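Presented as structure tokens, the chain that follows is alone, the form predicted on its own.
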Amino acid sequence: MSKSSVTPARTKRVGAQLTPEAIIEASLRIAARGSADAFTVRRLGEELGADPTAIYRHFRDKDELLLSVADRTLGEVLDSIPDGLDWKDRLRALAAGSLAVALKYPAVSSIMASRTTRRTNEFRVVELILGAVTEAGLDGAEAAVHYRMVGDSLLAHVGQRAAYLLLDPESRAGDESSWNREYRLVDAHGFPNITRLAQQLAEVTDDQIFHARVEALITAIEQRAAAVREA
């Protein structure tokens, strides 16, 4: 029997055995390899050994798949947060877990920085942040605003870091060398602050920026809660 005569039957059998769980896991495997095409049906079909159209038996379209996969990554973030932390450390742990997962699945996090999954794990993240700001002493509109401040700030930072990983190596190398090249060559009279701090600017790390950002969010919540109590 020829190879061409058995391949369609095999593909059909594998495709029939697909489940939403298997498709999500395949998307995560592709994303974890740093690929930007984790949500193309062609790439998923290759990963699963199935007819790509079989994916649409379980997901309405690529966007529904993306949202489901993204919500799964939020579950990974939540699983990384220990029990028994106070509100500050819960936010720190959420931030650290969010960054770790974003760097693990850059193709997912780079897209989801401007999206909402509208699914269970996202609701759990929102509940965690609201609980933290409430414990800090905020309620009502203040709690809602500061929840958004935390959530949107974390999404922006981890999404930016994730998107950067998807750039080609040449583009990343050019960006990374700019602090030691173009920024050191600016006109000192026109850009005195850049010139004065050129070395320090070149030495700043992404982790330092992230730490400072998270601590600034916590400080802002503390200060606002203190102001509310004194009002």
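The shown structure was predicted, so the numbers you read here are calculated from the model rather than taken from an experiment. For every residue, the number given is its place in the sequence shown, counted from 1.
Note that the form predicted in complex with another copy of the chain isn't included here; everything after this is about it.
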Completion exercise
The stretch from 50 to 58, 22 to 30, 36 to 44, 187 to 195 that lies within 4.5 Å of another copy of the chain in the predicted bound form, judged by heavy atoms, is 187 to 195
Exercise for the section: Flag S80 as yes or no: does it have a non-hydrogen atom within 4.5 angstroms of any non-hydrogen atom of another copy of the chain in the predicted bound form? Expected result: no
Practice task
Flag A156 as yes or no: does it have a non-hydrogen atom within 4.5 angstroms of any non-hydrogen atom of another copy of the chain in the predicted bound form?
Solution key: yes
Practice task
Answer with yes or no whether L66 is in contact with another copy of the chain in the predicted bound form, where contact means some heavy atom within 4.5 Å.
Solution key: no
Handout entry: Touches another copy of the chain in the predicted bound form: D89 (any heavy atom, 4.5 Å)
Key = no
Problem - another copy of the chain in the predicted bound form reached by all of G174, V204 and R213, non-hydrogen atom within 4.5 Å - result: yes
Exercise for the section: Sort through L103, A136, A143, A96 and report the residue having a heavy atom within 4.5 Å of another copy of the chain in the predicted bound form. Expected result: A143
Handout entry: Heavy atom contacts to another copy of the chain in the predicted bound form at 4.5 Å, residues of 118 to 147 in sequence order
Key = R118, E122, F123, R124, V126, E127, L130, G131, T134, D139, G140, A141, A143, A144, V145, Y147
